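Shown next as structure tokens: one chain only, the form predicted alone.
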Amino acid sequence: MRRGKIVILARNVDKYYSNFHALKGISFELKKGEILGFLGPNGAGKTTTMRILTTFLPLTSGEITINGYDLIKKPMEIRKLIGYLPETPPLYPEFRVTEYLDFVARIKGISRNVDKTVDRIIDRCGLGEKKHSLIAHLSKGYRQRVGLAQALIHNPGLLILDEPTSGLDPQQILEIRDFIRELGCEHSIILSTHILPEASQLCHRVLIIDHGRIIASGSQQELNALARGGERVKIRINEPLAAMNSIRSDSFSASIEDGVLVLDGEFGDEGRAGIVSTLVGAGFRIYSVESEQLNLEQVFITLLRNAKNV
């Protein structure tokens, strides 16, 4: 799917629950064909955002358009465009899989070839061997697949997935991630997660949200740059604490991990050589110097720390 057209445009969105300010002026966009990750700790505002986008919750102020429709003025039109998988799938355990999907198809306005539509989505979601099973008897992984099937059955252009791998075992997580990756070829997707590898593996862009604010956004490479360059230098040295205090700078962050001096920033060969020269000149003994690119987990921690220090 070619990317380019803006599917979601959100500007200065606020949400209050009584006196609690859950979202604080968030702005973002989703382009056609993108998988956009909402990454943040529990309670950061991810689920509130998903529920507003799906019209389950009203926003307090701001503006959201989806495919050009205003969220406040055209909620029913927007619902037709969206497939939504909440963190707890909306399943009826007493239904068989085919019965449930037939029911969902009809309430979503599908009136022709319902049986073929249900068979198609069962095949697509890998539910063939379980299609006559009671939902109550399914494993968590299969229940999640049924949840994805109900979100996809009307073939929406936009999928909103809230913590889609929550509570699954490792094998089920890999299967669902592979399926989401396939879905990204045909649908625009917003994926809410607190799992760092999930965002790194699946998403074209990531928004990092904390305490109701978007503190960073971009590809992993762009987030690396925001996290002061995305380079981590590990220096094994005889007195790491004293060495750290001697080179403190606003241009990089410094910490000690397992007795090793760790610097996160943008250095390059000259920058690393300059730091080493400074330390040697100050009388420290350096045993080794290693450099590596930050992974998303390290970037995430750095950005959260920087946000708290603002």
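Just count from 1 along the sequence shown to find any residue number. Since we're looking at a predicted model, the values are computed, not measured.
What comes next is about the form predicted together with a small molecule, which is not displayed.
Undergrad: Could you confirm whether A22 comes within 4.5 Å of the small molecule in the predicted complex, counting heavy atoms only?
TA: Within the cut-off, so yes.
Undergrad: Do T47 and the small molecule share at least one heavy atom pair within 4.5 Å in the predicted complex?
TA: Yes, T47 lies within 4.5 Å of the small molecule in the predicted complex.
Undergrad: Look up in the predicted complex whether Y17 has a non-hydrogen atom within 4.5 angstroms of the small molecule, and give yes or no.
TA: Within the cut-off, so yes.
Undergrad: My question is simply whether G283 lines the interface with the small molecule in the predicted complex - judged by any non-hydrogen atom within 4.5 Å.
TA: No, no contact at 4.5 Å.
Undergrad: May I ask you to choose, among G274, G268, G259, G43, the residue with a heavy atom within 4.5 Å of the small molecule in the predicted complex?
TA: That would be G43.
Undergrad: Please tell me which of E175, E87, E77, E99 lies within 4.5 Å of the small molecule in the predicted complex, judged by heavy atoms.
TA: Among E175, E87, E77, E99, a heavy atom within 4.5 Å of the small molecule in the predicted complex occurs only for E87.
Undergrad: Which of 244-252, 35-43, 61-69, 259-267 has heavy atoms within 4.5 Å of the small molecule in the predicted complex?
TA: Partner-contacting stretch among the options: 35-43.
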